[in-house]
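Listed next as structure tokens is one chain, alone, in the form predicted on its own.
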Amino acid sequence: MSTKTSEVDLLIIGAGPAGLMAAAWASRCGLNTRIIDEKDSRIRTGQADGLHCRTLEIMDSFGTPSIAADILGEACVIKEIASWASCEEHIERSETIRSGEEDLPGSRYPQVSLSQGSVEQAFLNFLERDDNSSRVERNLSPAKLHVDEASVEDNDAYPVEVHLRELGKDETAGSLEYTAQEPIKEIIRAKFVLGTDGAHSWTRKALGLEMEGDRTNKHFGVMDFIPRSNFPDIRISCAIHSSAGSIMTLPREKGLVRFYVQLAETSDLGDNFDRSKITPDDIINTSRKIMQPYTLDYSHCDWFSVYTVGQRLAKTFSHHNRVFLAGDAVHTHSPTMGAGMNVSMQDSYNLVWKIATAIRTGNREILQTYNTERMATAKELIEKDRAMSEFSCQGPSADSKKYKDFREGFRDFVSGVSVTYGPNMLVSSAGKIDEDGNEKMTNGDTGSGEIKHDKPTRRKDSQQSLPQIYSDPKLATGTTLGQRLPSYHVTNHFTAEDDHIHRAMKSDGRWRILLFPGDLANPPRFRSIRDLGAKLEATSSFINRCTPSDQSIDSVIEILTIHTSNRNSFNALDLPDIFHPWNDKLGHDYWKIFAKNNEVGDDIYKSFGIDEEKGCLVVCRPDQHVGYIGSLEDLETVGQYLERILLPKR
């Protein structure tokens, strides 16, 4: 009997948060996807538990049913963080600060805590309710991976072959080599493979990639439990430093609290520190010594583990731009910063739309940006994790007594809102490039100095390197090239509904051009934007050139307009259809034009640093990161920028 053979656009190995994020994204991009996992069910207890505002934004961007809404309905919101430090023989509260992620520029969500299993379940619910999504195929393990290097440049090929075997009860994936006695259930031929299979990644090992880094001699216990205590801040996130050690706490759902407890350093206990001998009572007993004079006990332990602080990173996140790795498969670190699950999911979010674009256009060069963009993010994560680990281990110090100042150094990064990409072919430059590839910044708000710039991009179907695209960031000083676009309230021009602009920027694979024309009740301004619309919808426009002839004009590049006028001061339907595309069954699309005035009082022009008289346009990638900023008249440069990415390869 011959082995079943299948072909897919994307095979995802590993159904943790990063893999499920990839599956959700792939469904929205219309990819033929399979996702497999060796386990028979999702995680039930323990593992990661922190979610930050950018991750929740991404979850919400997949639309209805909202993954973020499911999460927020169950999670514990982190509102305050208290710092406690030794004072003679006991600890005292030295400072209480707001967590404040919802206070960050253009942020919609707070920091929350929820078990990894519940996060996975929210994704599984989404996939189950979405008819276009793949379902997790469990008890399946990859047994062999082979990349046909002769066909990796063929856009129609399926160059990655993965052999799957079915696992028996309580069996794990095991060795990279399988024997004839282990029957292969199926052979999958894939255009692309994504390994999200954790720190012991089978996929990474099959590619022969090694992790580099180090492990320290510092050991922590982590425990989820129902506390019985007279400690007044037991339901607030805390950083506790005493002469007996340190504890980081995080309130959790259903009355649980997570403790990260400094247990020992190998140098103190010798080289035979045995993690397997640590019990929940050991963790609680150590915590009691640190928390004097407060009492601590527990009625239920939901999960516990012991980890050794360390940071490790793979040399590359991809192989021939056909097999990719994300999350713990390529970067590992301590859990004390609460960023690991978030960064892992954001790896997948950065990648999948690029895979979809490469399949549709044949432009595989954009896939190179996954490695450069996410490698830089992982390196920054590891650097900040080292600082946080040192803070957690150093005992009472100036930092522990002024935690707010210390936290300011990593809050924006951990929240996800300050992650910045480029410059590269997907993110235009803000300045001139010298011969050494250093970018001389021209935007005073971005800062002076040098940024190392990618080499000029060369399409394989072109004889010349593509010209560098330059933005004019002075036109929108409240946004940053390469960062996710902040979100502020606007009002739908036609429905009068008040909502965040992000809600109009769903994760569906489309690029967005946001137009900020100012006052459209001004006749000359109205005529100029009308003329701009005529150019955008012309047969020869870059939008039409980048859009398949059998699809709607907004299927690849969508135009969103935010004006400053009173909604009743002009007739928006007098603008060309590119601003409100017509559908014979549904009529006009009434969800693309917005007024800046809103019930909340946000001023998106002011927040973005846009002059209402000059206006501007902002181009956003499918992941909501800003790729280009320019004047309303500069359609030629916008066209050059988008066509080199989206124009189908001949």
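Rigid core (definition): largest C-alpha set, two forms, superposition within 1.5 Å. Small disclaimer: the values here were computed from a predicted structure and weren't measured. Start at 1 with the first residue shown and count on from there.
What comes next is about the form predicted in complex with a further copy of the same chain, which does not appear here.
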{"property": "Heavy atom of each of R98, E497 and D584 within 4.5 Å of a further copy of the same chain in the predicted complex", "result": "yes"}
{"property": "Contact flag, V306 vs a further copy of the same chain in the predicted complex, heavy atom cut 4.5 Å", "result": "no"}
{"property": "I382 within 4.5 Å of a further copy of the same chain in the predicted complex, heavy atoms", "result": "no"}
{"property": "In the predicted complex, E80 touching a further copy of the same chain (heavy atom, 4.5 Å)", "result": "yes"}
{"property": "4.5 Å heavy atom contact, N230 to a further copy of the same chain in the predicted complex", "result": "yes"}
{"property": "Contact assignment for a further copy of the same chain in the predicted complex, among A376, I184, A157, I226, heavy atom within 4.5 Å", "result": "I226"}
{"property": "Option touching a further copy of the same chain, based on a heavy atom within 4.5 Å in the predicted complex, out of T539, Q551, S299, S276", "result": "S299"}
{"property": "a further copy of the same chain in the predicted complex: contacting segment from 416 to 424, 350 to 358, 364 to 372, 247 to 255, heavy atom within 4.5 Å", "result": "247 to 255"}
{"property": "P293 C-alpha moves between this form and the one not shown by 2 Å or more, core aligned", "result": "yes"}
{"property": "Did G73 shift 2 Å or more between this form and the one not shown, C-alpha, core superposed", "result": "no"}
{"property": "Residue shift check between this form and the one not shown, rigid core fit, N230 Cα at least 2 Å", "result": "yes"}
